[in-house]
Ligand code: PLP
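What follows is one chain in structure tokens, specifically the form predicted alone.
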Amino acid sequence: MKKKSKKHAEAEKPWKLKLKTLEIHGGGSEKDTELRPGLYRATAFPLGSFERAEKLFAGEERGFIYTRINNPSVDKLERRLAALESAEAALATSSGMSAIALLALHLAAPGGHIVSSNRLYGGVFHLFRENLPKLGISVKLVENPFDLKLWEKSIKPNTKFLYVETPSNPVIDVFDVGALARLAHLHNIPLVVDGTLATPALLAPLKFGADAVVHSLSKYMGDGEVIGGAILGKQKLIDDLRLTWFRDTGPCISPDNAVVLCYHIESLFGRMAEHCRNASLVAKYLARHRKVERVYYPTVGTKSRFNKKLMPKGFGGLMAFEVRGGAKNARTVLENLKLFWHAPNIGEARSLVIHPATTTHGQLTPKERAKAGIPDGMLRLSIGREHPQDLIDDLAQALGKI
């Protein structure tokens, strides 16, 4: 048999694709026969032999069973997400909240304890403060999550994992994933990171030592069109989740949503670059405005240089600012904006505005909001992909009304 030349052999070696390419080709294989992800609207799939059915349901053989458990369209999305996050595997869920709840139940029930940053999306805050304790899971919210000593002091013998959202919503704090991972591993517990606002385009938590990443795919990943969530990590974690809490509680994503998400992920890196650029320009403008008390964006303030070291690719499109004069003036500004839609999502092409204290974080008490750094005069902006000067002009005229 004739040996291949060294030059020929090197040409056949697989090369490591760049992330920008993986947003389009990630999760693909030579067996793919469709140019675009196929839509499999099916509830159940043939099991084959008696023996194969038993192995499939026991998790001893991989294959499609029932769409509540797995589906070819959803599998494509999961493989693409895993490729982008450099994860062994992914589990797509019905929403970001279902992903967080599912992982918390799996890792901490029953009788477990979670240590979390208090800089959280309001829904997660409420889940941790109110509902997980009803299920026997206690949560300690670290009130100054920049202080690693406070994290360590909060860890107990039954602590099951550390949890951080970075950047956080709505204050846009950026945390050192590597430092938190080292602390977690020192105590033999995992670190879970919510990477929704960063997306894989801006941050790769697993590469810095995180053990699991959760996403609300409803934000930047889906470009505001469909709802979805995801958990990413080791293959064993994902398999264990799929065969237990996920299979038994059913928070699955629809095949239709999975396909739409695959389409939108193909433009993720380009879109995120626009969001980052526009948000930076808007933040710079607001930071100089005399009617603005404070701007919440990682490029503004004393920590800007440190933040850029943690996330050199950018910080996404979510930002906030505090209007001087409190909630009354914040309301006046919100109601006079013309381009900004008053809506609760993040990551859309259109710019959005909302008042966190009365909406997304309205379930927090005034004291809890104060500790989380959310003043009554704060407005949260999801900066879209319009021309930045038009957004600045809109903010200027609205601020001129107070």
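Residue numbers run from 1 along the displayed sequence. Bear in mind that the values here come from a model prediction, so they are computed numbers and not experimental data.
FYI, the form predicted in complex with the ligand isn't displayed, but the following is about it.
Asker: Looking at 131-139, 252-260, 74-82, 162-170, which one sits within 4.5 Å of the ligand in the predicted complex if you count heavy atoms only?
Answerer: The contacting stretch is 162-170.
Asker: Taking heavy atoms and a 4.5 Å cut-off, does residue 354 contact the ligand in the predicted complex?
Answerer: Outside the cut-off, so no.
Asker: Looking in the predicted complex, any heavy atom of residue 97 within 4.5 Å of the ligand?
Answerer: Residue 97 belongs to the contact set for the ligand.
Asker: Heavy atom to heavy atom, is residue 298 within 4.5 Å of the ligand in the predicted complex?
Answerer: Close contact is absent here: in the predicted complex, residue 298 is far from the ligand, nothing within 4.5 Å, heavy atoms only.
Asker: Is residue 374 a contact residue for the ligand in the predicted complex, using a 4.5 Å heavy atom cut-off?
Answerer: Because no heavy atom of residue 374 falls inside 4.5 Å of the ligand in the predicted complex, the answer is no.
Asker: Give a yes or no on whether every one of 278, 283 and 388 sits within 4.5 angstroms of the ligand in the predicted complex by heavy atom.
Answerer: Heavy-atom distance to the ligand in the predicted complex: none of the three under 4.5 Å.
Asker: Just to be sure I understand the contacts: of 315, 121, 246, 151, which is the one whose heavy atoms reach within 4.5 angstroms of the ligand in the predicted complex?
Answerer: The residue in contact is 121.
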